[in-house]
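In structure tokens, one chain follows: the form predicted alone.
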């Protein structure tokens, strides 16, 4: 067992529904185990600036249902440099904190790993990103809520598309991965789903739209991940209109997918991962991410979370192709 007496927790990168629930779990697990716990406000930038406050059980009351992160988050240019990371480690030493929990995505994990390598700080990462693109975990905190938010919007768009016999292109988040687009597209009954992992040419897409017209289909829905190789929704719509005379209407869901009260799935995942992160530090584990796969906690070396690519579910790709035909 490691001699962990004080730990700190921060949220970094993009916010995700369930981060507050995760901080709550970290705080209450640490206190239950007799460990003092501190909140770092403003991510790595806040750590460098010493924006640290002790947290207790009441500090995290009435937070489990709230979206965003009460600890705030930011992207720190200073932390990208050795001097900035040295200052961050010095601040932790000044507070006698010997364990750090970082809730965020791969960029946040890279920072945590470097902090460990350079400054020998005990770090554990928790995957908090709506994109669900972190290797080593079936789900990331915020993903389920983002899917439900996007699906609610797509259901409404479907009503308008059907009423006016229109083709809608709906863009969802996912710069490097199509997890949201794939799941939302299947659940929303999309005729086509465009994701970065699967190649589809504009000619292929245009021919599909022509085929839909010949089958009597009067309204259609295309879901596209923002990072798809064909471009964003507006670019795709412009090309389809100019080359195939398709009357496209575009809806970009944007940051609505990041907000809102977390679903039960995200609250439960956040609670589990927060608990296991504290346990990992107490057990002497460091430079790892705590994830959840096959209904059990996973402990993945931080570098693997970005060096290994998490694939889309091959079965879901097959299912969507069959059901959308």
Ligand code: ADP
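Numbering follows the first chain given and starts at 1. Just so we're clear, the structure is a prediction, and the values are computed from it rather than from any experiment.
Not on display, but discussed next: the form predicted in complex with this ligand.
Chemist: Among the candidate stretches 140-148, 195-203, 80-88, 239-247, which one is within 4.5 Å of this ligand in the predicted complex when only heavy atoms are counted?
Modeler: It is 80-88 that comes within 4.5 Å of the partner.
Chemist: So, in the predicted complex, is residue 116 in contact with this ligand at a 4.5 angstroms heavy atom limit?
Modeler: No - in the predicted complex, heavy atoms of residue 116 and this ligand never come within 4.5 Å of each other.
Chemist: Would you please decide whether residue 156 lies within 4.5 angstroms of this ligand in the predicted complex, comparing each non-hydrogen atom pair?
Modeler: No, no contact at 4.5 Å.
Chemist: Should residue 72 be counted as a contact of this ligand in the predicted complex, where contact means heavy atoms within 4.5 Å?
Modeler: Residue 72: no, not in contact with this ligand in the predicted complex.
Chemist: Should residue 99 be counted as a contact of this ligand in the predicted complex, where contact means heavy atoms within 4.5 Å?
Modeler: Result no; residue 99 lies far from this ligand in the predicted complex.
Chemist: Would you mind checking 250-268 for residues with a heavy atom within 4.5 Å of this ligand in the predicted complex?
Modeler: Nothing in the stretch sits within 4.5 Å of the partner.
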